[in-house]
Structures are given as structure tokens and as C-alpha cells.
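Single chain ahead, by itself, as C-alpha cells, in the form predicted alone.
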């Protein structure tokens, strides 16, 4: 079980209507259905992944978040989850806007490109880093927009997006992120997890 899934589960209230955007093979949906009483469905761009999810009995529909979130009415979900997918979108700002329109709250998790291992590898080797959370090489990575925890904080601040909760995950350790420790958490954290809403 991914530690990230447990954290996401704890951020969601029971009996909530939830959408997992870019749900991949449905691992997170399966975990939430087994560990939380919620009404959840998934949206996934890959036909193969959608078929895989449906074969497991998971409620997933095929769709591209950049175009197809518009089909959902305003606040049609209590929570919308975007787990380690933001950096792969062509227009991440548009996607965030749609998450916050469709959901009353959004949970966004990002691999932290500001982590010290990423910085060291780029500095010493002069090549794009390959880590556990960023396993692809530059030529086959799905990541289009490299984002750090600090970048996401600044993004939210400039766009009047409220961060209800911000957590850093490093190995198995979970800690809170705030403005006073932001620079440090941006250096040592592998993953950022944010519960956000429009102000």
C-alpha cells in the first residue's frame, strides 16, 4: 500500500462523493473503496487502463481531463483527486481550474522536483534526474511541467486558491508544510500533498 493513499484517505470525509482524475490502473480507487465509505468514480485517458479497471469492477470512464471535465456540473463532487498527474498535462492551470469548479475541494499530489536528490543529480551529473518518484528518463517521461512544492505554493497564492492542508511525504514520514518551513520542506520532501479550494 502506498503511504500516499492512506494520507489521501484521511483527507476525505466518509460518505463523500469523489472523483479520481487520471486514475491509472485504479489502485487508489480500490484502496478508497476498501478503506473508506465513499461514492467514488474515476476518469482515465488510457483505454487499456479503463478496461483494466472495469474488469476489476471499478467505476471508471474514459476521458481526457483537459477537455472532458467540462461535462461535469459545478460542485458535482465533494472531492476531486489528482494524484501525481498534474505535471503531465499540457495546460495544468486549466486542469486545476476545472478541479476546483467540479469539486468543492481538490486533493492534488505532486512529485517534488525541488528534492535534494533531484538537485544533486542535475548539478553533479548534468543529466535530468531519475529517482523513485521520477522514474523516467528525459526522452520517455510523461512529465511536461516540472513543479516543486514551492512552485505549487506560489501558484496557489497568486491565483487566490486556499490551501487547507499541505503535507510533505519523505519515505514513510509525513510532516506539515507552512510558509515558515517551506524552503526546507521543498528541499527534503519527495512528495507534496495539498487539500485546496477556491477562496
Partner chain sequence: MNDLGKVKKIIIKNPLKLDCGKEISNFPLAYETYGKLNEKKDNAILVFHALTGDQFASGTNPVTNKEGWWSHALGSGKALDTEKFFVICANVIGGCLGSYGPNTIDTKTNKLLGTNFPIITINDMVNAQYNLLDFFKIEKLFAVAGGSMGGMQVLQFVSNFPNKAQVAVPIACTASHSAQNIALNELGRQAIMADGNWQNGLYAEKEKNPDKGLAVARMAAHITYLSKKGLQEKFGRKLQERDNIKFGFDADFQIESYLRYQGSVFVDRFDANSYLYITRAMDYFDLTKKFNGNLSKAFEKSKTKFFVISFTSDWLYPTSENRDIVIALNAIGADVGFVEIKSDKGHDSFLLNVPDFLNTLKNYLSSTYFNLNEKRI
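Positions refer to the first chain, counted from 1. The structure displayed is predicted, hence computed values, not measured ones.
Absent from the display: the form predicted together with the partner chain. The rest refers to it.
Every residue of the trio 41, 55 and 72 has some heavy atom no more than 4.5 Å from the partner chain in the predicted bound form. The closest non-hydrogen atom of residue 61 lies within 4.5 Å of the partner chain in the predicted bound form. Within this chain, residue 170 is remote from the site of the partner chain in the predicted bound form, having no heavy atom within 4.5 Å. Contact check for residue 159: every heavy atom lies farther than 4.5 Å from the partner chain in the predicted bound form. The partner chain is not drawn, but in the predicted bound form it has no heavy atom within 4.5 Å of residue 154.
Between 72-80, 101-109, 114-122, 87-95, the stretch whose residues reach within 4.5 angstroms of the partner chain in the predicted bound form through a non-hydrogen atom is 72-80. In sequence order, 41, 47, 50 are the residues of 23-50 having a heavy atom within 4.5 Å of the partner chain in the predicted bound form; the partner itself is omitted from this view.
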